[in-house]
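Single chain ahead, written as structure tokens, the form predicted alone.
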């Protein structure tokens, strides 16, 4: 349908066409004048991205991938007997205390009573979680006992992928329930295949206690990496953006280095993935902006600009 289109001859200029529906006019229903395409607008509201700003935002995705790699590295160290669960547990406790202190130091200044009440509630929540997790560790380590190892590894890979997909990158604090539950389920699957989970012909032997400690350690580190660390990272991004960028780079280097200590080929793949996500994908996003061709015009649905909130009261 072009300008001045219609099923018959248009009337002379003495009868101007008006874009109204409530008035009968001597024009065909599909008639438009030459001003129709004058209201055409292209790429209205197109957002212009800056490369390094997009790289900084993509760093959050890259560091989360590195966190998954670090978690798998810790599991590999325990699976190969290179790291004891007790050492890893005390290291996690120290990291949790340092991270909590940094989180409180970056918090906005407020009422001291509220801070004391918050710390007391945090201590209660941590005590409840540690108590229940330690108590249910003998049960959790046997959840996948009847499942073959290949299926357990497949479920672990699927759950970690679901964690990465469902993770709330725009607002990582608090982490999403789906991503956190997927990561915890993956940690339970991995803990059930640690060396401490051995059986004898007569049932469980004396190795059941180390296996429970392995499960408890894996769950604690899963909470530390996938639940508490995103909260601290969000606080760093809000209060110290330049520190946030350095931390993302440090986590990526640790992830590649840790995986490379056990699997050099995997470290190369991880480095290539991080480089693609952090450097190549932002460049591709900016390059594709020039190919956008969104058009707006009088054929679009009407948008009410008036504030109608007073009708809701």
Partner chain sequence: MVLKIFFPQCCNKADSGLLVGRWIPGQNSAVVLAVIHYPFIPGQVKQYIHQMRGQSGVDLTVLGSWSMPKEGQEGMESFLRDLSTIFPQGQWLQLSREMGKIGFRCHVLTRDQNGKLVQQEKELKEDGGGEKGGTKRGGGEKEVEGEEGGGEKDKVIFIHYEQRKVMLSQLHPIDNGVPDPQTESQLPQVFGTVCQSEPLFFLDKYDDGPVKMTHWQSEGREGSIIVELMKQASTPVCLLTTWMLTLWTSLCSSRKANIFVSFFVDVSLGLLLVSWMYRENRIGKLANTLVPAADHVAKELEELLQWLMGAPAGLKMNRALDQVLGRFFLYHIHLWISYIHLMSPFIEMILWYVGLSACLGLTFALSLLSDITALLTFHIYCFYVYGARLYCMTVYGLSSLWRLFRGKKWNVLRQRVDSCSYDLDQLFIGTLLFTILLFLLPTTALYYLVFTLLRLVVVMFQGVLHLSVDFINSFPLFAMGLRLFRSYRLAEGVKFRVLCEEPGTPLHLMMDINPLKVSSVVQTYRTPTYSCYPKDSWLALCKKLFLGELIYPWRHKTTKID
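Numbering follows the first chain given and starts at 1. Keep in mind it's a predicted model, so treat the numbers as computed, not measured.
Absent from the display: the form predicted together with the partner chain. The rest refers to it.
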item	value
Sole residue of 78, 160, 72, 219 within 4.5 Å of the partner chain in the predicted complex, by heavy atom	219
Residue among 140, 236, 89, 194 with a heavy atom within 4.5 Å of the partner chain in the predicted complex	140
Complete contact of 96, 100 and 244 with the partner chain in the predicted complex (any heavy atom, 4.5 Å)	no
The partner chain contact in the predicted complex: residue 123, any heavy atom under 4.5 Å	no
Heavy atom of residue 132 within 4.5 Å of the partner chain in the predicted complex	yes
is_contact(residue 225, the partner chain) in the predicted complex, heavy atom dist at most 4.5 Å	no
Close approach of residue 169 to the partner chain in the predicted complex, 4.5 Å, heavy atom	no
Segment that reaches the partner chain in the predicted complex - one of 81-89, 141-149, 236-244, 100-108, heavy atoms within 4.5 Å	141-149
Partner contacts for 162-193, taking the partner chain in the predicted complex and a 4.5 Å heavy atom cut-off	175, 177, 178, 180, 181, 182, 184, 185, 188, 189
